[in-house]
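Single chain ahead, by itself, as structure tokens, in the form predicted on its own.
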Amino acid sequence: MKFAFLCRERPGAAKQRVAVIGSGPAGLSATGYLVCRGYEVDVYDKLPIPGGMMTFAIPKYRIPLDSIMEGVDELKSKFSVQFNLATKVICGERHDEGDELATNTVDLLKLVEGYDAVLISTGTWRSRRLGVPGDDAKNVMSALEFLLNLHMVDLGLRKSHIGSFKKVVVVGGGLSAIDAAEESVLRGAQEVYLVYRRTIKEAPAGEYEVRRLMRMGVNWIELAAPKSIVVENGSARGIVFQRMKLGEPDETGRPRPVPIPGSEFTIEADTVIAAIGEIPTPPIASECGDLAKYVGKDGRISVDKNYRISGRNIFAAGDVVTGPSKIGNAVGQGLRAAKEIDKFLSARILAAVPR
């Protein structure tokens, strides 16, 4: 996977310094573009290995780790990119999934002062909860937590496994739900259920992916939503679901699931995985003064058409701007934001030249 695909080496001496926060697809693609334009780039990431969710969440049969590391190694060896890993960049206080892997913290405002430009590409590292009674049981987890744990073990960064792994229920119909269900099957779970509140035609992951899992033995249940978790001695023993029917379209344009009274049923489980979406995690908390106003209630950073926070040397791209999306979209955003950073810094250089 080549991130610096526009050149073979950095052209000439470094022009100016850029900090990239987040080493997922948006951050790495932006880094590759910027080094080819002659900038010195430092990358910061709270995880101990670059790649973001490509490394720590997406199954390796989709994106091999060797492919990611090949591109990262090239950025290091040929373009002198400095990777500051296990380092969380933050302004204010907030805690997200994967933060326990960071051993160092850096103030965002100090980075902004110390670099000519800063690109935020921190993605979506906070999961939505089921929001039903019992969802705090110790064997109820998010898809991101589940996949992160598996990859940590695979990478030799954690010794313990998740625990009992016989009957798994995954709630959701997106790609994270697909990945969690498929990993469960591949790692030996005896029964895996994938339960979605709409039909297979509305599943965000697509009908093809769902049917592929069904052929692998995953039990697909549609038009059902969790109502409560059955908890015994602090652990989930099953989920109570309620049947749904499709009503009028909601704000997304998809038919709204409507509960059917008296239609409850229970599925036994020793592992419950909530895969109902992730939330953007910018390095800007509510205590971050004037910058906080650029973060919406949904966590997304508000930028102008040039991917820039107005009046600042701060840019943002990828899922932290759009919300959860596919890798190709994040890569495209990273490249476009890098081009805007190049324009911004080039204009500053020209403005400083005596006429």
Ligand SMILES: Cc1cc2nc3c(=O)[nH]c(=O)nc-3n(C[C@H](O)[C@H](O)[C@H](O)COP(=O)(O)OP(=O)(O)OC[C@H]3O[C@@H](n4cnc5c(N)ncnc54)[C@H](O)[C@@H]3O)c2cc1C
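None of these values were measured; they are calculated from a predicted model. Numbers for residues come from their place in the sequence shown, where the first is 1.
There is another form of this protein, the form predicted together with the named molecule, and it is not shown here; the text below is about that form.
Q: Does residue 26 make contact with the named molecule in the model of the complex, using a 4.5 Å heavy atom cut-off?
A: Yes, contact at 4.5 Å.
Q: Does any part of residue 219 reach within 4.5 Å of the named molecule in the model of the complex? Heavy atoms only, please.
A: Contact with the named molecule, no.
Q: Hey, in the model of the complex, does residue 80 get a heavy atom within 4.5 angstroms of the named molecule?
A: No, no contact at 4.5 Å.
Q: Can any non-hydrogen atom of residue 125 be found within 4.5 angstroms of the named molecule in the model of the complex?
A: Heavy-atom contact with the named molecule at 4.5 Å: present for residue 125.
Q: Sort through 114 to 122, 260 to 268, 185 to 193, 133 to 141 and report the only stretch with a non-hydrogen atom within 4.5 Å of the named molecule in the model of the complex.
A: Of the options, only 114 to 122 has residues within 4.5 Å of the partner.
Q: Is it the case that 22, 45 and 327 all touch the named molecule in the model of the complex, with a non-hydrogen atom of each within 4.5 angstroms?
A: Checked in the model of the complex: all three residues contact the named molecule.
Q: Under a 4.5 angstroms heavy atom criterion, identify the one residue in 58, 303, 291, 36 near the named molecule in the model of the complex.
A: By the 4.5 Å heavy-atom cutoff, the listed residue in contact is 58.
Q: Sequence order please: the residues of 261 to 300 with a heavy atom within 4.5 Å of the named molecule in the model of the complex.
A: In sequence order, 278, 281, 283 come within 4.5 Å of the partner.
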